Ligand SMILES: Nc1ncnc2c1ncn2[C@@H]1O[C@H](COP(=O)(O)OP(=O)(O)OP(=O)(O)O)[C@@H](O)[C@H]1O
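Below you will find one chain, with nothing else, as structure tokens; this is the form predicted alone, and questions on how it binds or moves follow later.
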Amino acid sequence: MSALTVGVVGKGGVGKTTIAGLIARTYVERGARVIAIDTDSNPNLGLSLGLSLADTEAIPVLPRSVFFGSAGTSAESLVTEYGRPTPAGPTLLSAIRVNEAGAGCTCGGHATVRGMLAGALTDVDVTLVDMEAGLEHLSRSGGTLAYADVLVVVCEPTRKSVLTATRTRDLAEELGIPHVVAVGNKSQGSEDVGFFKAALSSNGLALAAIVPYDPEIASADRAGAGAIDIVPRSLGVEIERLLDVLDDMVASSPSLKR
């Protein structure tokens, strides 16, 4: 498969990190080498990839504002030094962590991730970036995901979530991200399915998959287990559907941004 950079974004509470973990895991199951980058200041992607809380918190944070280039650091060296294997298969990097009040701006961490995405990582099929909730990372000044090939916007069946997705799509277009797709999450029946289809379509957003709400996932989360520990078939089918859409986008693109 061609190298692919996927950014996963969404309003707080929509299940973005769970979906990001499932995407990364499923790509590994398809035979891809995956690098997963957690840019949340309260990083939890490791839990969704099967790590314990202690192991997730022990992952070293990428240095801020790294200089990349022939005389600087390479993206591969950062993966080697700061990346950690996970039970789900992807290699996990932690870009940002806020441990104390008044710790300062996280812009440097976002700059490091942007620099890594700007250059091709060798021997990597998929680079997945789980973004912090909000829109700052898509601003022109930050532009953390400026080098992403596809943006996956996770929504829940609420009007506010769809509005956030629409704003995200608009910013992604300004940054020049080639593809933006939406994933409806936490669907609990035909009413939610209808809402996703109508609301996203009316706002010009392509709906790639509708992931059903599953109480087992919620129970696993409360018990401290990650998405790797239990993936109901209904969720797996929709994640596979999403990956098929992403792969079709790559196949139809004459050249990726990288």
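Just so we're clear, the structure is a prediction, and the values are computed from it rather than from any experiment. Note that residue numbering follows the sequence shown and begins at 1.
From this point on, the text means the form predicted in complex with this ligand, which you will not see here.
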**OP:** Would you point out which of 54 to 62, 210 to 218, 28 to 36, 191 to 199 contains residues with a non-hydrogen atom within 4.5 Å of this ligand in the predicted complex?
**Re:** 210 to 218
Original post:
Hey, in the predicted complex, does residue 14 get a heavy atom within 4.5 angstroms of this ligand?
Top reply: yes
**OP:** Evaluate residue 146 for contact with this ligand in the predicted complex, applying a 4.5 angstroms cut-off between non-hydrogen atoms, and reply yes or no.
**Re:** no
**OP:** Decide whether residue 185 counts as a contact residue for this ligand in the predicted complex under a heavy atom distance cut-off of 4.5 Å.
**Re:** yes
Original post:
Any of the heavy atoms of residue 111 lying within 4.5 Å of this ligand in the predicted complex?
Top reply: no
Original post:
Within 4.5 Å of this ligand in the predicted complex, do 18, 40 and 133 each have at least one heavy atom?
Top reply: yes
